[in-house]
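In structure tokens, the next block holds one chain alone, the form predicted alone.
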Amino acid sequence: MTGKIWFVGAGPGDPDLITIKGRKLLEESGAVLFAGSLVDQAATLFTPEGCDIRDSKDMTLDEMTDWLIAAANQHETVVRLQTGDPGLYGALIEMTRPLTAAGIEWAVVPGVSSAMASMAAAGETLTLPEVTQTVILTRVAGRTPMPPGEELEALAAHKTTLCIYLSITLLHKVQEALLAAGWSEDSPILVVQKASWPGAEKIVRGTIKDIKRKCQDEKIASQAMIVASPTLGAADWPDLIRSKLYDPTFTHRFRKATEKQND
């Protein structure tokens, strides 16, 4: 009998943000393949003594798959530890197809994405009533092209929250796309490097016009989330439209309205 391979989301960097299920699997694992260039190695501290731990940063996709298959032939529980969530900008399907073909059982444990961790670090919200109810997770075209219709300028035209991954070295393209989509150069931008990483997190607030310079001043050139959103800075707005769910005039199946709605 071969073992089972678990693709576990390690979260954005802070080892405490891995899920309880993910940590339990690490504690039971016989072998762990972790993304050393992205995942804080402290996450591997949850593994038992004698666990076979391998950093994948110097491996090709085929080498990683071969390693996982070999490990599954020796251990009941094998973990592929990935940054954030395994299904977002990871090679999940490329890695699982050979496992399925080899008859090896696998499953996914979701993780906290850096988009959520970045907004949490900055004390911001992704959505606000009657401001935006939509979040777009995307990136700028680099070595990996964007499919037709998914260019940043086209997505930015919706004027919703944009969480832009893997694009800090292309920040000038982000600026150009937002401006071309009709955003004002004074629109707020948030950049968070290494969100939640103990002692390494950097938070930079600016506008489309000055965010690149501010990031250069902070020497941010990797592992950073870019957020453009009409919700940024809402904590300091003089007025907010309140959520209907908690409004005293709103009735739902758990609570009856205590006040009448004004016409």
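Each residue number is its position in the shown sequence, starting from 1. All figures in this text were calculated on a predicted structure; none of them were measured in a lab.
In what follows, reference is made to the form predicted in complex with ligand SAH, a form of this protein that is not presented.
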Spot the stretch among 68-76, 124-132, 87-95, 179-187 with residues whose non-hydrogen atoms come within 4.5 Å of ligand SAH in the model of the complex. 87-95
For this chain shown on its own, do 7, 29 and 109 all sit within 4.5 Å of ligand SAH in the model of the complex, going by heavy atoms? no
With heavy atoms only and a cut-off of 4.5 Å, decide whether residue 146 touches ligand SAH in the model of the complex. no
Contact test in the model of the complex: residue 161 vs ligand SAH, heavy atoms, 4.5 Å: no
I'd like to know if residue 193 sits close to ligand SAH in the model of the complex, meaning any non-hydrogen atom pair within 4.5 angstroms. yes
Considering only heavy atoms, tell me if residue 136 and ligand SAH come within 4.5 Å of each other in the model of the complex. no
Can you pick out, from 166, 157, 120, 102, the residue that has a heavy atom within 4.5 Å of ligand SAH in the model of the complex? 166
From first to last in sequence, which residues of 199-234 have any non-hydrogen atom within 4.5 angstroms of ligand SAH in the model of the complex? 223, 224, 225
